[in-house]
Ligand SMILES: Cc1cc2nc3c(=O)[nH]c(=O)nc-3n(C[C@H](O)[C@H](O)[C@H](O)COP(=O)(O)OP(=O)(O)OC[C@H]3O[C@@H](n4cnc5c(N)ncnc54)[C@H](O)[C@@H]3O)c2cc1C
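Single chain ahead, by itself, as structure tokens, in the form predicted alone.
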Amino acid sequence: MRIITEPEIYIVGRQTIDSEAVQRFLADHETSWQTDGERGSELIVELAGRACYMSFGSHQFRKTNADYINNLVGQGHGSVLEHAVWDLLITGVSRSFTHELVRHRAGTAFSQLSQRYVDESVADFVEPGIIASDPQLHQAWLSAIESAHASYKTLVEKLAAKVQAEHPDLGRTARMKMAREAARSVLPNATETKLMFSANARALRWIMTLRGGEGAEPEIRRFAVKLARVMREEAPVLFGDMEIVRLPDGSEGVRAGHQKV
């Protein structure tokens, strides 16, 4: 059993652009497109914006990818950002955290670890910072976690035996699912979980802004700050205005340079 205090974010999927298809589209419409963009996500956004007005070939529209997207963002044209999508694997977060994150349904998708199928006898747990910083609170929290975890393991063992006795025709997978789905009722919200999280650029900006604010729950605020750092490096044109700020309580938060995108 490990005690975790920081989330991890792995970018496992990102968009690419099919240059041949784009060139075929441009040729079919007797136009051309010059851009200095190199990242698929940023090229997709520029392509979407230019397609709205067919502003590809005219000399006055041949600004840099960064200039073009910054102009869109500055004017609040956030809809074109919805075409840029990433797939993130998130670990080191609690069930409390995912209860908050899954409320963001627009422009997102979630696939979370199943406690019905996965054996939580080897689970890790996420400790809130305000508890971890105080030795007495930490010890009280740790005792509660260890007690709950021990109860879970006892319940799984006894429930598995009960199910096998009462349903001898069930296969092992079905038996263990029945045992774990009942035993998980004693696991705390602090139980660490993992999820695949897919979201478009506009949704990510909203999550960073809302969950990186002063009123956000601390664990999801730490995630929003880390997400902002990761995405500013991943796609600086799309997320460069997401600023890491110091909040009144001394913790870090996120503030968007353009709030209404």
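Residue numbers here begin at 1 and follow the sequence given. Since the model is a prediction, treat every value here as computed from it, not as a measurement.
Although not depicted, the form predicted together with this ligand is the subject of the following passage.
Query - Among 209-217, 43-51, 191-199, 24-32, the region lying within 4.5 Å of this ligand in the model of the complex by heavy atom distance - result: Only one stretch qualifies here: 209-217.
Query raised in the report: Could you tell me if Arg103 has a non-hydrogen atom within 4.5 Å of this ligand in the model of the complex?
Result: Flag for Arg103 set to yes.
Query raised in the report: Does Lys260 make contact with this ligand in the model of the complex, using a 4.5 Å heavy atom cut-off?
Result: Result yes; Lys260 sits at the interface with this ligand in the model of the complex.
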